[in-house]
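The chain below stands alone and is given as structure tokens, in the form predicted on its own.
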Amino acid sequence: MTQGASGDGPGRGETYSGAARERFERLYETLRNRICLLDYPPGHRLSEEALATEFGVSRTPLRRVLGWLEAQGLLRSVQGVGTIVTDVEIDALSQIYQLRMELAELIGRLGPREPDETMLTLFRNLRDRGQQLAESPDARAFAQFNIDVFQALMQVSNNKPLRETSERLFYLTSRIWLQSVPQIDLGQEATILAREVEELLTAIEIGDLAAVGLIRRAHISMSFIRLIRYRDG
């Protein structure tokens, strides 16, 4: 999902031309995904100079993007050190997961979108990808697939505040899976996520969007319980 630069997303309060806004959002989403896929692991220091050179942008828009990522809880500024990727611990995520469960149930109830062929095609493609992932589990592919499933679910609701709050909480927690790879059963988790997508697709195909929210809520709850059990051995 991209967020308008003049709305509540990255660059809120700023006015950009269409091309500048696209560059801003692309930079924001690229850095966010690098953090969530652990290309930038916890504790990693981001170099403004290197990023400005890589993306061909000036320091001003780059700092706005970094500021937004900090507001999202993914970065923190340390005086005398710079901008650092935050860490994430399971014990600190309990209340966030609880809120994610409650919000998930609202997906199909607040501003639900009537399923159309575009939505159906999106979830059918995810179903196919999920089946392939279950057959050949890969940690990075699993993490990316998890992100893509979430973004697809955000297309089910037209309620902007719900989507934005859900997105912020999701990206705060998404890294925990890759960080937990040494402890989790990746094959089992890939199979469970693929099964969730199949259940979501079934609900969307019959137009039961309320069920979409309930399915998602249940899977968020069970995934957190499994993470705790993996950690505790």
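For the two forms, the rigid core is made up of the largest set of C-alpha atoms that agree within 1.5 Å on superposition. Just so it is clear, the model here is predicted, and its values are computed rather than measured. Sequential numbering from 1, following the sequence displayed.
Here the subject shifts to the form predicted together with the DNA, a form of this protein not shown in this document.
**Q** Name the single residue among 157, 72, 83, 144 that comes within 4.5 Å of the DNA in the predicted bound form, judging by heavy atoms.
**A** Answer to the contact question: 83.
**Q** Select from the listed residues 79, 95, 118, 136 the one whose heavy atoms reach within 4.5 Å of the DNA in the predicted bound form.
**A** None of the others qualify; the residue that does is 79.
**Q** Counting only non-hydrogen atoms and a 4.5 angstroms cut-off, does residue 195 reach the DNA in the predicted bound form?
**A** No, no contact at 4.5 Å.
**Q** Just checking whether residue 48 would be counted as a contact of the DNA in the predicted bound form - the rule being heavy atoms within 4.5 angstroms.
**A** Output for residue 48 is yes: heavy atoms within 4.5 Å of the DNA.
**Q** Give a yes or no for residue 175: in the predicted bound form, does one of its heavy atoms lie within 4.5 Å of a heavy atom belonging to the DNA?
**A** Residue 175 lies outside the contact set for the DNA.
**Q** Indicate whether residue 217 is a 4.5 Å heavy atom neighbour of the DNA in the predicted bound form.
**A** Contact check for residue 217: no, nothing within 4.5 Å of the DNA in the predicted bound form.
**Q** Can you tell me which of 50-58, 204-212, 164-172, 34-42 lies within 4.5 Å of the DNA in the predicted bound form, counting heavy atoms only?
**A** Every other range fails; the passing one is 50-58.
**Q** Three residues, 186, 229 and 231; all within 4.5 Å of the DNA in the predicted bound form via heavy atoms?
**A** Judged in the predicted bound form, none of 186, 229 and 231 sits within 4.5 Å of the DNA.
**Q** Taking the DNA in the predicted bound form, which residues along 61-76 bring a heavy atom to within 4.5 Å of it?
**A** Heavy-atom contacts to the DNA in the predicted bound form: 61, 63, 64.
**Q** Would you tell me if residue 182 moves between the shown form and the other one by 2 Å or more at its C-alpha, with the rigid core held superposed?
**A** Residue 182: C-alpha displaced by less than 2 Å between the shown form and the other one.
**Q** Please check if residue 217 moves between the shown form and the other one, taking a CA shift of 2 Å or more relative to the superposed core as movement.
**A** No, the C-alpha moves less than 2 Å.
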